[in-house]
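So this first bit is one chain, no partners, the form predicted alone, shown in structure tokens.
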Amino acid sequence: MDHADDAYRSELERLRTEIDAIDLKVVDLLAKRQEQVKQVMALKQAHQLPVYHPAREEDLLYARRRQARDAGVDPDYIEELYRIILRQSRVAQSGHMARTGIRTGAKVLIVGGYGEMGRYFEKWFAGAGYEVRLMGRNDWQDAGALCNGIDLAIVTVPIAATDDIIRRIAPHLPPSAVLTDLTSIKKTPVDAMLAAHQGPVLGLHPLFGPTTSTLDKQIIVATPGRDPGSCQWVIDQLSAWGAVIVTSDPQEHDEVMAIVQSLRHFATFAFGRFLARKNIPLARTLEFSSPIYRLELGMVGRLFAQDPSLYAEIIFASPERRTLLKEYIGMLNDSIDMLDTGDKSAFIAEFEKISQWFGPFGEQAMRESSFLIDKLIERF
């Protein structure tokens, strides 16, 4: 018995030693891969290419999944591993490219620069070698000096004040300066910039907040206004930092964002409001919860952990958004008869009709939500 035990321990130790040797090789190979990535960084920097290359990444993942199947390894496991490797590579490149200025030395004025988003973009532009000037509400007496020689003026103030600030700052800008804003609506600000400034105009909407640590794969919507050629360096700079630029006209942007932001945030607000009005014992519900409930409740809690004035600006940004929300509430009221009568057949018929409308996205949503649920289970 002792001899068998010794043989088991010896074999176990041998296998563990082999695993350790393989792990050393894996880390060594990752280090060599990172060296190759540095060479890619240098080429991208020299040619001002964006960090993120979606087609390249998808081709790589497809090839690694196929290789995994041939080797008898779970393809999902290999894909997850490589997504981590690719993200690390992008973050490293973004950090390097953050110090890369497309127009190094150009002068950038951030109007509303002492706010959170203003400070956020100050860090990125200053880190890339731009001369950054900040302008706050008490600096209007120095507007002429602050605007002197400016190459890019960014307006990042509350939505309600944006149009007025644009009209006030535009007369001080050089004719060649690019004027842009970071507002979550685009039609009115772009119209205001076009009317007030005769030079290049570009609307921007970053779909992230100032706590974002990296611009890797962060989406920024660009709505061209005037002279896109003169504005291109701004878009190239954001791309060089890792952002994904989605181009749209102002009207389409506002229509889409009414759904993506205003309706989604209001529906989340309404759910949280109902829970609070009913004084639901949240901690107790979590003890009974499935991962999907925890995920959904997490999104509700996330909303109420942030600045209410920010969400008020987004939700009530325009009459069109408020009209859309009233239509949403009216649709909910349409469901009361179904509940009063307990009409399950009507519910099922409506459910199936909506399911057909979602089409193939339903399967995609199942895959993506299952991934998130698995990650949540790992965490909790």
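Just so we're on the same page, rigid core means the largest C-alpha set that superposes within 1.5 Å between forms. Note that the structure is predicted; figures quoted are calculated from it, not measured. Heads up: residue numbers just count along the shown sequence, starting at 1.
Beyond the structure shown, there is the form predicted together with a further copy of the same chain, which is absent from this document and is the topic of what follows.
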Interface segment, criterion being heavy atoms within 4.5 Å of a further copy of the same chain in the predicted complex, picked from 168 to 176, 243 to 251, 226 to 234, 121 to 129: 243 to 251
Residue contact check: F304 to a further copy of the same chain in the predicted complex, 4.5 Å heavy atom: yes
G199, heavy atom within 4.5 angstroms of a further copy of the same chain in the predicted complex: no
A276, heavy atom within 4.5 angstroms of a further copy of the same chain in the predicted complex: yes
M117, heavy atom within 4.5 angstroms of a further copy of the same chain in the predicted complex: no
Any residue of 254 to 284 that, in the predicted complex, places a heavy atom within 4.5 Å of a further copy of the same chain: V256, M257, I259, V260, L263, R264, F266, A267, T268, F269, A270, F271, G272, R273, F274, L275, A276, R277, K278, N279, I280, P281, L282, R284
Core-superposed comparison between the shown form and the other one, Q364 Cα displacement 2 Å or beyond: no
CA of A71, rigid core aligned, shift of 2 Å or more between the shown form and the other one: yes
Large Cα move at L30 between the shown form and the other one, threshold 2 Å, rigid core: yes
